[in-house]
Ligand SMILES: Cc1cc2nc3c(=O)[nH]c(=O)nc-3n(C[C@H](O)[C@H](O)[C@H](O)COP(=O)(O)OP(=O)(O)OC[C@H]3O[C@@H](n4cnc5c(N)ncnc54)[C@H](O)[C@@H]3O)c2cc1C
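As a starting point, one isolated chain is supplied in structure tokens, in the form predicted alone.
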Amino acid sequence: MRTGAEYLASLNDGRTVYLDGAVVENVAEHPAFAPVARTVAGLYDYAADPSNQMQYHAEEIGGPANLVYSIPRSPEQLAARGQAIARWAQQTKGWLGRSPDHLGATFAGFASNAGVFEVPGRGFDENVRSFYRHILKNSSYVSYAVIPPQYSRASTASSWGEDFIQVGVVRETEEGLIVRGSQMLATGGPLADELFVTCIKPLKPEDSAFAISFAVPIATEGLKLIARRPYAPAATSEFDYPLTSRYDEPDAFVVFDDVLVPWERVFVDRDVQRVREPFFRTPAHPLMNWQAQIRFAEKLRFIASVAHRIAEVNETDQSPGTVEKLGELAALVLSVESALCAAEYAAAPDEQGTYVPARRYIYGAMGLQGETYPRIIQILREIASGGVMQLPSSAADMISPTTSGDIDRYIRSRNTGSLDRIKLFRLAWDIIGSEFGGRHQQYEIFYAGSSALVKSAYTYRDFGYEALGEELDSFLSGYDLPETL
């Protein structure tokens, strides 16, 4: 099993990651990426320890692999897989939105029904199986870029009148496809081993050049990642910014400068009909979003614990208004947890024998995620109130003999000393007020797309209105107008 040290060493591979107009020489050592790289390394070390029950025997490779990458073929395997995902999420309190198990779930779903990729004579289905085996064997961290750049959200790439703004096929050679253009949004890309590229946006027949799916190593020649502004370097200390300093997961805009994609890494080749199908004709979409909701539930529980502790420290935990807010917060957390339980309880095997969490419950939670998270953050804001602003400027104020005496005496609670109170409220501020916290609110709102898209494309479609209509018709047909009044 891969260790954290092996993972960190692998990042020094000549990849092209841009930050502040320059290439980052080694992301594992750069202050913008090193803290979260160490967090990911910690996940690998946790999984490599047999006592943590994160390993299983993978038949596909004839050896041990990480459970979070497994294809569940029984209710027991599905449960074990979910528990492993939860244990990993507990290590980060849910603050890594695209940890390695996210795309691990995607390719487990793809590989479980790789026939969806089959084109006679092309071998795309075997390419998918081979890449999945690669992930299993190496515990690979795969990022993905599946959204076109926002050049025009009202049209598709073929009508943009420019030379490959969205990534597309320029030409093909005996070795593979040559692709050029750009794609977004590779969360975790600078820290990943591999990049999976496809287009989740519906395309038109004339967009065939852009209807591709493939995977390449991050260090591939011509592949460039332009990282967003990092927040970790501005964190004055771990005490001041306990989340920013650990979990500042980078997002990156991806540029393809005539990148060669070897044929064995091509999954869909200029096929508008097939490019989006694998997400929905295989278990990939429910498996990856089941992972996402397990992670989300862990994050919400963590935020709830902060809100409740603040109420205790402020001695408002018995106040009717605060109790009502905490009750609402609990209900929001439980709605996600309940959806996860229901999805696992109602899981059923597909035609290939893969046990798939019930889509309708996963999509129910997803449909409200863009409203659930902002509401939870607002509740935490209301409970914390002005306490997050009556904090010293940094930990230095607490250490300096010039200021520490006043801070120890005045910035405390009747039941909690200065150090513990400030530590708690610093954590709350990193959730609701820091740049890191602001990015997370935007991220969770649009985690799977806009709320309107999720509700209409997934929640509505899989709810089961047709069956409800039949039940309603049966009820309505059971009575009629009376013969006389």
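No experiment lies behind these values; they were computed from the predicted model shown. Residue positions are given as counts along the sequence shown, with the first one as 1.
Heads up, the form predicted together with the ligand isn't pictured, but that's what we're talking about next.
**OP:** Verify the flagged residues Ala79, Leu96 and Arg301 against the ligand in the model of the complex: is each one within 4.5 Å by a non-hydrogen atom?
**Re:** Checking in the model of the complex: none of Ala79, Leu96 and Arg301 is within 4.5 Å of the ligand.
**OP:** Please name which of the stretches 32 to 40, 420 to 428, 51 to 59, 440 to 448 has residues with heavy atoms lying within 4.5 Å of the ligand in the model of the complex.
**Re:** Flagged stretch: 440 to 448.
Original post:
Taking the shortest heavy atom distance, is Arg153 within 4.5 Å of the ligand in the model of the complex?
Top reply: Contact with the ligand, yes.
Original post:
Is there a non-hydrogen atom of Lys201 within 4.5 angstroms of a non-hydrogen atom of the ligand in the model of the complex?
Top reply: Flag for Lys201 set to yes.
Original post:
Can Trp290 be called a contact residue for the ligand in the model of the complex at 4.5 Å between heavy atoms?
Top reply: Result no; Trp290 lies far from the ligand in the model of the complex.
Subject >> Non-hydrogen atom contact Asn127 with the ligand in the model of the complex at 4.5 angstroms >> reply: No, Asn127 sits far enough from the ligand in the model of the complex that none of its heavy atoms falls within 4.5 Å.
**OP:** Would you mind picking the one in Asp269, Glu194, Asp251, Asp240 that has a heavy atom within 4.5 Å of the ligand in the model of the complex?
**Re:** In short, Asp251.
**OP:** Name the single residue among Thr220, Thr187, Gln369, Thr354 that comes within 4.5 Å of the ligand in the model of the complex, judging by heavy atoms.
**Re:** Spelling it out, the residue with a heavy atom inside the cut-off is Thr187.
**OP:** Output the sequence-ordered list of residues from 122 to 151 with at least one heavy atom within 4.5 Å of the ligand in the model of the complex.
**Re:** The stretch 122 to 151, when checked against the ligand in the model of the complex, contributes Tyr144, Ala145, Val146, Ile147, Gln150 at the 4.5 Å heavy-atom cut-off.
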